[in-house]
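Next come structure tokens for two forms of one protein chain, structure 1 first, structure 2 second.
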Structure 1
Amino acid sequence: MFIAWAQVFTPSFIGSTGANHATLMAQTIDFESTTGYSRLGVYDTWEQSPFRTGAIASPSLYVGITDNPDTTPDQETAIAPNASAKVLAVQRSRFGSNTFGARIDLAEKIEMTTATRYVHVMVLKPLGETSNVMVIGLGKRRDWDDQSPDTEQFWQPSSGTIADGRWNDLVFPIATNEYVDIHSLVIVPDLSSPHLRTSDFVAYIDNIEVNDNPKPRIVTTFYPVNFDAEQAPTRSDRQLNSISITVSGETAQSITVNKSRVYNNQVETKFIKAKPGSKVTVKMSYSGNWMSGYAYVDWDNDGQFKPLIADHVPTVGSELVSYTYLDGYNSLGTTQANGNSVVSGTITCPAFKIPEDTPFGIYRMRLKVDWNDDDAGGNINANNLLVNNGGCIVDVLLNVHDDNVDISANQLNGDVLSAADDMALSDKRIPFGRSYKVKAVPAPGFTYTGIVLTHGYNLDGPQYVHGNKQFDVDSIPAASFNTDDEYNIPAAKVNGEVRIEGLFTPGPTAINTIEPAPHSPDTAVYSIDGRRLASEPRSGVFISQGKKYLR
């Protein structure tokens, strides 16, 4: 689903995670000029590929620099995702394997270190072509003089589905031994078997950049997961069963997990409540071993979870707030022997603190079972894919609240008062998370049909921010009021600011005595305005023996 685009090639990345991901020695190929590459061609890992055996006469014709076929601005943002004039075209031959792709020999080799680097690539595929993309690295050890620079050093598939018919900005983490130089990149446009194809298609590649930033240059979705959101678990030996969250020693708040999906988006139904300064402990009931727990909170509500780790602990503002294992340490900075964090069927994440200065409001919270990876979307290392490892991601909302919340009522032709003291609500603050009784008081000549209850945060803003519901709007009918015209707002609805609109309409005082009418044909019956009726009406309000009835 499209959410938002940002300008390509902005000096700073959308969602940049700061100093620990500072861009160093970036290499860029934009195909506007010949800068960055020495030659272009095609490559196929399949040893019997006709592109390797010579059966295809002119492999070089399958790539070429061409005009950018899609520079149209996005309808919502009026920004073109890729406004480049020239791009690289590659013809996806149905006679190549699933790893057939465009080969780009680099003008400057990528000198790898022990750190993971990131290949950013923009890819455009025709409508209907949604298969994964892959980046293959060809290179050699710099200390082995006689080794071929065409040795395959990594294969990195894209994570998740590729949007067809528009430019995608993809990021591929790459890691090798520190002695390796990458001499060529192969962009595989269609990581699927072509055996059922009857024709080829052309894919487009542009703006290749190699740097140290793991985030895409364009934000196309908020809170992404690095696999199909409908992905079913592939392992039966590892499974997240449930999660419990304890806030400052209070009764644990539990989260039930849908075990038929790797990704559980429960933001519509599950809310974790905590106050600034409170300590939060996440425990995950997990069947299996060798997995670790990770907790994230999107403190700045920008739709991303940005880890900021220094000296093996989350720094101020880090949205990875707790983990049991990351590069040999947990989030307390304590050395961990390995990522096997399951103890007696439970992964216990180190407690983290809700910062004291956290504004009251709604925050996306993500709980993840994964192995040694700070990417909130899940490990995309081909050898440790979250899905393959039996991981799981659960999203809920975190309600950071005060002890008391504002309550107010605004309406014409009546008032909604505190039932306890008949006082106006406007200046009141009431306890968070506790039921509260209000009373409808119509003006003379008016009656009430109910109230509209708006409760949550940012009540004057959009109801959803990046998919996170900020508030609810509930219509409470008059029938929900008691005989004293009172309504008890349930505790669950006192979950932030409470704003009431009384619904008053002209008419007699509302009927609030509703009793089943006995069958009394011999008793005089009157209408509500005093007219004698021949008999009880089949429906409506009537008075009999001094009592009001509704049938």
Structure 2
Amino acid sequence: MFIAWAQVFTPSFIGSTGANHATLMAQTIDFESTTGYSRLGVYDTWEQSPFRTGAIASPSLYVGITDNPDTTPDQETAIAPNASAKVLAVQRSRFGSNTFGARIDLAEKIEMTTATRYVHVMVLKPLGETSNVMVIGLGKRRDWDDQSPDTEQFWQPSSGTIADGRWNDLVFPIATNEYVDIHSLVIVPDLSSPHLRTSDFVAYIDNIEVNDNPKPRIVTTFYPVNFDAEQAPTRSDRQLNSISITVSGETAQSITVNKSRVYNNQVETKFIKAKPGSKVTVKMSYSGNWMSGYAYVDWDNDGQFKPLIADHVPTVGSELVSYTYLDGYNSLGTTQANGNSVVSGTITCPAFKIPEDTPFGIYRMRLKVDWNDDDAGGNINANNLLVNNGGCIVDVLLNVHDDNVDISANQLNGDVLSAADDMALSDKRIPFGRSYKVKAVPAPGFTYTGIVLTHGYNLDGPQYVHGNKQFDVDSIPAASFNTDDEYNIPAAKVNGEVRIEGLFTPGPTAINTIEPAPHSPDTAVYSIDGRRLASEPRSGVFISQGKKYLR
């Protein structure tokens, strides 16, 4: 079935090109107006495609301008990923090859060199459509007079997972031979094979930008890195080996680094502990030279690290809290002769202070080895990419805590008390990071099966905020209690507020005395619930109707 668009500014075409215009180093194309492009159409690299042979008589029905189908704000950021009124729609035809797409003739040609550039494209695909997208560049060499301007100069697929049903901001690195001018871009919405398709679908394209910046323009993830999160190191002469963090002179807290990944996300396993007012020193064991260290803390927990630098030092509220080199200075404002911050195999960041008014809680902390760059995601300069320079990024959680924390217990049919004094927990505060013993005391006629232990911060809120775990919930079985019905909460679980739910269930009635059983001195016939049991010699203990008897 064909789709006729309400607004089609120009006819679809195969093989046409736009006029030459002055070259721009950066270029933006949206579909609110026609200023960024000269014509729209469809294109297929398959030479026998019905869109190239003329078998499909009305290719113009497959592409056109339409209303943006989704301007909904993101639930977490409250910002619409794409608020444009108009976008480009392309019907992905099952009769085209896997490289069939929308062709956009550029009003301004893109002059390429051997340097890598980046094409940014916003794409929206319906639910269930998660295949990769591709950008194809059509153009010609400036030094080849007879080369067709429709020559395919690059084919660049998207990397990573495409989120279906919402706008994606995709970034495509592009490179060509020298002296190439790109006249047209083809956006391929579906790289999967169409041979099993029985129907078409519509994809939407918007806000195409060509520049030298590999960073996505919109936040689709929290705490992003400017490279593939699964990226393996590209060099062996430079690598981060480990990290040591010292808080106000206490014993250093160490972080082991996975050397097989440039990005280490250790927020589920590694917690750095500090109090407001503490001084924190970060040391990085690093093999190699000419690299510097950077430390960040997301103080407002918004999922981003924001560097605020004035007069070469971090200002109040800056989330870049320490660095060894940035534009000739370290974070103390001291002049640095060069960016070689590695001294005897160690990068030592200047100590920074946890602000005195920092609320108790969990914060993400990022530690980065990079070259002269305040971007928490890594240097994006083509000549100094973090990955190419042997840099590394490590994320951990920072627990900003008080000396003492609240503990409470809520339950029915029993109590969970302090084992030290048999007192209720509701009025107590206990030392942070130290084990604490509690005692289960069932009500008469009840027993306990264990406790549920919740510990951390904001216990009534979401367990995760932007991927940062706020608290843990542990089920502690009765088998973990000693014979005095006591359980020693480990020090690692006293890492914030502690809340206990005692689990008490009905149990056998406890009889402290053993009474003679009602039977003859020599033998007995026992009856339980009206059932007659065999006679047995009088010896031992038996239980009937919840009572304990001596045989």
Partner chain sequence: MKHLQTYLLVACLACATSLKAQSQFEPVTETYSYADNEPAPVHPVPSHRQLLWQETEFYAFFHFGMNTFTNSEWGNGGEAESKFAPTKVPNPRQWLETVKAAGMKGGIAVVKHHDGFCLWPTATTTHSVVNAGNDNGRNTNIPEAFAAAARELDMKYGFYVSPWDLNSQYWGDGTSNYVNKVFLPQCIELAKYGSDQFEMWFDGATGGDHAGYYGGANTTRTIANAATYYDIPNLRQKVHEIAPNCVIWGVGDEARWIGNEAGWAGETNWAMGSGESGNINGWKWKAGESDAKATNMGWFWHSGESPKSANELFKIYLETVGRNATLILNFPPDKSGELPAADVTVLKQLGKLINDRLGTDKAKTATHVEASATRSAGSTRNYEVANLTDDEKDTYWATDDNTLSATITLEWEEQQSLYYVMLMEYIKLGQRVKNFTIETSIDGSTWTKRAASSTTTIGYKRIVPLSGSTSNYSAVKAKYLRITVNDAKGCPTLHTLSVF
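Worth saying up front: this structure is predicted, and the values here are computed from it rather than measured. By rigid core we mean the largest C-alpha set that fits within 1.5 Å across both forms. Residue indices: 1-based, along structure 1.
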query	finding
Structure number of the form predicted alone	2
F201 C-alpha shift between the two structures of 2 Å or more, rigid core reference	yes
Rigid-core frame, C-alpha of I65, shift of 2 angstroms or more between the two structures	yes
Flag for G461, CA shift 2 Å or larger between the two structures after aligning core	no
Core superposition result - C-alpha of A85, shift between the two structures, Å	3.8
